[in-house]
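Taking the form predicted on its own, here's one chain by itself in structure tokens.
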Amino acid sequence: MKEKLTSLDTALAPIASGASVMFGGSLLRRQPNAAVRHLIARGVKDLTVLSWAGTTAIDMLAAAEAIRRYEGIYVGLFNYGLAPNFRRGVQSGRIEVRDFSETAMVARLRAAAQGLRFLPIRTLFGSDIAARNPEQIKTFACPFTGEPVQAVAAAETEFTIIHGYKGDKYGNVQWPVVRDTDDMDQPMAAAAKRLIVTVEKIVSHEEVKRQPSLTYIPGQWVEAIVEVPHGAHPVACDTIYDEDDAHMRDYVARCATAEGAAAYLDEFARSVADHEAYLDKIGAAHLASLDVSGGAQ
């Protein structure tokens, strides 16, 4: 087996301005924020971005004016309100948006995973989503019944970045037995062309083999795996740590203006040397206060 454990810098080096990237996570859980901060610090721009329920990862990229086009089901900050930077980008016309329903996005991921250009659905009839996106959603007659169905284009991107719980040096990624379940990271991984995974912890291959049924992303799908503790901060990695409420409220307050958002990125992304420096800036004691694992990790 090929070893795929590497550094964040090496793993993300192939992603350049103009790339298409899918970001994992759902709402305030497992957003690949460490990877996003790294891309922002590098000055990557002009991205086509896809996500499921995107929050901080997408909003920070919007604050950095790094997004050209967005495709997905939702961008917001869940119980912290709207995503202020993303909203400004959309309202100004800087970010082009293509909305999809959850069922349509699932079909797009399934199509990509199966190597198909599209899958048929019926769930968008009666909505304006298809009318506003004729290049990716097309109506045609079912070859068996003649009834109208809609083809949704496969969710194909050059790169996919996911933050997971734990994995081994070969890229096998495991989830805990008990976890939050509204999670599309596995279908995203299956659909990926080049999959980069950050995890909270690298464990031995022997540990992975002891409970193989917990491996939700097999190593053969993965291009690079990186150990990035607290890689989702300031949101949660469920079963390990909660979202950082104080940091999130500060983020929302600062991002009320574009100038405040730029200052936030200068402080927490552009001026820190690496992820370890970011964690030092947040503080070990504060990070420990967010722990919900009870030492299980």
Partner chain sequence: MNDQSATFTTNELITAYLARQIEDDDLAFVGVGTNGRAFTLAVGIPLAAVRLAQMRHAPGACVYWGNLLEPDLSEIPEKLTQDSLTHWQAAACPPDTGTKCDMLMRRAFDVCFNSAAQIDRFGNMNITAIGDYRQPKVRLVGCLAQPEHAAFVRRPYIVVDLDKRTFVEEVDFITSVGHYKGGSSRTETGLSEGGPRLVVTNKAVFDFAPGSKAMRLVSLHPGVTREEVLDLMGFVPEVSEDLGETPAPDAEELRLIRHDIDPNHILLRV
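Numbering follows the first chain given and starts at 1. Note that the coordinates shown come from a computational prediction; the quantities given were computed from them, not determined experimentally.
What follows is about the form predicted together with the partner chain, which we do not show.
- Checking D180, E227, E158, E223 for any heavy atom within 4.5 Å of the partner chain in the predicted bound form turns up a single hit: D180.
- For the three marked residues, D59, T198 and C255, no heavy atom of any sits within 4.5 Å of the partner chain in the predicted bound form.
- In the predicted bound form, at least one heavy atom of W52 sits within 4.5 Å of the partner chain.
- By the criterion of a heavy atom within 4.5 Å, I73 is counted among the residues contacting the partner chain in the predicted bound form.
- The partner chain is not shown here, but in the predicted bound form it comes within 4.5 Å of a heavy atom of Q91.
- Contact between S127 and the partner chain in the predicted bound form is found at the 4.5 Å heavy atom cutoff.
- Screening 59-67, 263-271, 236-244, 41-49 for residues having heavy atoms within 4.5 Å of the partner chain in the predicted bound form returns a single hit, 236-244.
- Contacts between 24-47 and the partner chain, taken as any heavy atom within 4.5 Å in the predicted bound form, involve L27, L28, R29.
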